[in-house]
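Heads up, the chain below is alone and in the form predicted on its own; it's given as structure tokens.
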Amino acid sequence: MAIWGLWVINKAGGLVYQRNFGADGLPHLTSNEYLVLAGTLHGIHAITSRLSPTGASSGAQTISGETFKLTILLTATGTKFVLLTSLAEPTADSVLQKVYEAYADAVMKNPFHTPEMPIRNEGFDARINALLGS
């Protein structure tokens, strides 16, 4: 069980926070590649929200590959929290909820933060470190 990465994507599909955890697990990507991945995931999420045969859907909540899974938490404001984990990670949903709480407390209550812009907040980083490690 492992948590390899955390992304926060704004409602327009822009990557506003990206963090990797652990030295192994993820290949090194450039910041531009992360931006492209976030935009692609935003598009996939928008498509999956329209594919539900039973009506309204919030879109994909989990996307799995052979060796990893992406767990997505969509907030009421359209911000997406994405956790990249091993397939066996059982706590991804609860971890994302705690990350969202840290975001609400440290970022959204900060009067100097501009919504939809990159997150540069030491308090948020410290809470993520305490929650997920370095």
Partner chain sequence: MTIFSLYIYDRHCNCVYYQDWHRTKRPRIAVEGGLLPAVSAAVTPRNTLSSASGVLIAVNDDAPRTPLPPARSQSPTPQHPQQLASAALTFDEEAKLVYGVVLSLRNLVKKLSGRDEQFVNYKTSTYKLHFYETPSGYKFVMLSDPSVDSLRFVLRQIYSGPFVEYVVRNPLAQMDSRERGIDNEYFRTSTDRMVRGLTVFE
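The structure presented is a predicted model; accordingly, all values stated were derived computationally and were not measured. Residue numbers count along the first chain shown, from 1.
Separately, the form predicted in complex with its partner chain exists; it is not shown, and the next lines address it.
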Next item on the list: Name the single residue among L84, A102, V95, L73 that comes within 4.5 Å of its partner chain in the model of the complex, judging by heavy atoms.
Entry: L84
Check: Should L37 be classed as touching its partner chain in the model of the complex when contacts are defined as heavy atoms within 4.5 Å?
Finding: yes
Item checked: in the model of the complex, S58 touching its partner chain (heavy atom, 4.5 Å) -> yes
Item checked: Touches its partner chain in the model of the complex: L51 (any heavy atom, 4.5 Å) -> yes
Margin query: Using a 4.5 angstroms cut-off on non-hydrogen atoms, would T67 count as touching its partner chain in the model of the complex?
Written below: yes
Margin query: Let me test this: is every residue among M108, A126 and L132 within 4.5 Å of its partner chain in the model of the complex, going by heavy atom positions?
Written below: no
